[in-house]
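Coming up is one lone chain in structure tokens, specifically the form predicted on its own.
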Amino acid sequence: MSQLRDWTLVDVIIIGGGIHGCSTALHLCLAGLKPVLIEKDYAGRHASGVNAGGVRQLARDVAEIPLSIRSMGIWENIADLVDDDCGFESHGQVLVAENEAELADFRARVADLNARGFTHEELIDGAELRRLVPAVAESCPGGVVSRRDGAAQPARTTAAFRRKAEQLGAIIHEGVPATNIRKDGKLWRVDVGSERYAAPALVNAAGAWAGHISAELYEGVAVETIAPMLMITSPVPHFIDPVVILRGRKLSFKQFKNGTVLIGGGHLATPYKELNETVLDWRKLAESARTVFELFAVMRSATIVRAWAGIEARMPDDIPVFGPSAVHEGLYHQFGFSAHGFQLGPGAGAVMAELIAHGGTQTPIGGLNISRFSKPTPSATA
């Protein structure tokens, strides 16, 4: 790090302090680079700190699977990286088929993945489903399991990545937004309150706010702001170890050691991102609760204790924008994880650091490039 007149010169500027920004900062430090991370609120304030904590390879888009596999290897040794196990537990994740038609669709998907060389998803029959999830309704004929999957504690995880990155030399700015983002010659320049930074590389990891940044840099894409809802129940007797998800009806849930059950699955609140606020849709929450109660009789005595939502970005095709800019040298995008980016965070940070430090990666990410959406408008600063 050096002074460039009244500018602080670093190797990389990262905008956004969710798990992706913090993971990228950490891995850049491990690569011998000096990053500055800028978060307008605090690390994990939005999606990264308030999601369901699912650590899943299961049911991902094919374009995401290599990144998910890369990330899973890091999750399984997470304490070695961040000095905290992040509450990670690997009891698998199970996708339940509610009828024979869904099971047929799952069978076709698993066959397709196997043909592509991916073996992490395993089709299971009703007997194996009930061995893994004994309390499931007898009407469910089977499903799919990814046995290495699990869950972790999202706020704790994001804080661990932030803490370790700072210990390794990353500069962390919280509570002040990045402003006046521009390219000047070969350097990116960003103002952070009274501080000013310059770097040859800039990472746009700003979550629901990343679309504004990409648009200002002549690389606008359609980014929708969403607010997935979650709720926690009163304790019930232990009945499940894996995380369970449904596709026909929006649902995911897991049981904690204290007996409480976390219920999510994709129903959305109304986000007001400029206010950092959300308004819950209690009818949709009731729908999620009703689905759980129908499938698991043990849940019928539970009550809902608390509900919340986090603000994040969703892309039109439900997979992230990840990789180099199609317009600017030294600009990288890492956003739009569409309500399933938590598991990808550790691996995405490692891959992004490889792209910046070495100019490439062995992890296939071509299907995630921003250029899949549009032909960006050229800029005079490109």
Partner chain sequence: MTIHVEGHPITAREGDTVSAALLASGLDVRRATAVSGAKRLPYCMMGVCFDCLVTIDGVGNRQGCLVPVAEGMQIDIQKGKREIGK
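Numbering follows the first chain given and starts at 1. The structure presented is a predicted model; accordingly, all values stated were derived computationally and were not measured.
Same protein, other form: the form predicted in complex with its partner chain, not shown, and the subject of what follows.
Among Val236, Ile181, Leu132, Ile124, the residue placing a heavy atom within 4.5 Å of its partner chain in the model of the complex is Val236. This chain is displayed alone, yet in the model of the complex one of Leu187, Val110, Leu268, Val298 has a heavy atom within 4.5 Å of its partner chain; that residue is Val298. Exactly one of the stretches 141-149, 251-259, 196-204, 91-99 approaches its partner chain in the model of the complex with heavy atoms within 4.5 Å, and it is 251-259. Its partner chain in the model of the complex is not approached by Thr119, whose heavy atoms all lie more than 4.5 angstroms from it. Among residues of the shown chain, Asn77 is not one whose heavy atoms approach its partner chain to within 4.5 Å in the model of the complex. Using a 4.5 Å cutoff between non-hydrogen atoms, Ala302 counts as a contact of its partner chain in the model of the complex.
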